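We begin with a single chain expressed as structure tokens, specifically the form predicted alone.
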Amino acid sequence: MKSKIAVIGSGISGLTAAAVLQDTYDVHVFERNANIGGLVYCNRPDDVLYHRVGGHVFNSKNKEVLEWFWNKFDKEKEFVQAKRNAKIFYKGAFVGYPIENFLYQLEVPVVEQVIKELIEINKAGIKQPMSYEHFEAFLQNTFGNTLYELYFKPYNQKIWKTDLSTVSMEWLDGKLPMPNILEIITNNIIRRDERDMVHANFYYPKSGGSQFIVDRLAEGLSVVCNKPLESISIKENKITLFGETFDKVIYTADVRNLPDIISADKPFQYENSIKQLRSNGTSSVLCSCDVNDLSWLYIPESSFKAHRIIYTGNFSYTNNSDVLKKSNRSSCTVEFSGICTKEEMIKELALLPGNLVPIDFNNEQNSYVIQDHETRKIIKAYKEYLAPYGIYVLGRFAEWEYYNMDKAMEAAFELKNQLVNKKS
């Protein structure tokens, strides 16, 4: 008889874990909302596809994840391979991304100062990224103070809404390219386009957006929606929730809620620290826009509240309604860090390029996790505390890691290996 596992949450993390474990365990997925998908949930207001949080695409460096994913999907028939064409909206103009490779598009005095600072940094000796004490020091000492003040500081402060010196470097490991002065100068001289660089392409469903992915992953699984988790009772090596008994629980929801949900026989020493983990929500507005060839537009200047525009209408032709196609319009999502009112977002649209017309709005209370210097230590200790009870945390808001889709899948595979090896 198979051991019984409850998976809390039907986002990418929960559904991947359920899918990779269903051959070994009797897996049951519970979702608090009426729809599956979590942060990658999409719908179609006015028949225009709306990524209600972000704009999720797929690619991976992990061979195991790639093989598993493409065994579930037909790459040629069900996906398009798109080229990333990102820009930065700066002083009313479109500058190439990443900005350090497109210095030649900036004013001459700015370019001269940036190059001077990069040369000084190079002479002093390039340090390993993880050797910096915090995120601010890394940015200043990798790109120089001019680029930091012009782009990196205002853009990152918009997203994280916090003092960057309090943000740990650990969360960056493996997430960003680490350029050197030779690469920067070479890219500017030969005018190397971002789309010619490694990881400048991605895969995207021909129809349905990221909702197509979660719907496929959910096929063959036991998934129950409208099931908010209120309590977990642990007694005699059995875990009870929703009136059922389980051998193990995989929790992919907000870890800050877990201490108040679990009824265990001993307290966790960092319980208050878990509850006080920091995050930012996002607000977004789905818009129709002028036809363009962009995929992302980053907006660093503080005079704008929005921090990026995601041109999802360019990801797949089916994302746009027939009405938009006939009127030679496309669609995009304008995103703000934090919670904004509809009135604030509408006012912002008039300041942005593309003749934006709102279609639908969304507020997400939590989407960006913020790590400080203690976060990973606290989460590691909590995992060690929960494991003997048969409870495992997984995913962006359970592990407090800024996972993209592929990294969430990778973490699910790591948990599967941990559970299967333990069982063996």
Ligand SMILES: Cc1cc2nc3c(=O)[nH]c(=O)nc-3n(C[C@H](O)[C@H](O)[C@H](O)COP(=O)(O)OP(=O)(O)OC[C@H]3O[C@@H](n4cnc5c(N)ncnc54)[C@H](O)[C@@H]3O)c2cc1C
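A quick note: this is a predicted structure, and the numbers were derived from the prediction, not measured. Start at 1 with the first residue shown and count on from there.
The following text describes the form predicted together with the ligand, which does not appear among the structures shown.
Here the marked residues V48, K342 and F361 all miss the ligand in the predicted bound form; none has a heavy atom within 4.5 angstroms. Not displayed here, the ligand is approached by I8 to within 4.5 Å at the level of heavy atoms in the predicted bound form. Among heavy atoms of K227, some come within 4.5 Å of the ligand in the predicted bound form. In the predicted bound form, at least one heavy atom of M405 sits within 4.5 Å of the ligand. The closest non-hydrogen atom of Y382 lies beyond 4.5 Å of the ligand in the predicted bound form. Considering the ligand in the predicted bound form, the lone stretch of 374-382, 65-73, 389-397, 353-361 in range is 389-397 [heavy atom distance within 4.5 Å]. Looking at 305-330, the one residue that comes within 4.5 Å of the ligand in the predicted bound form, counting any heavy atom, is R308.
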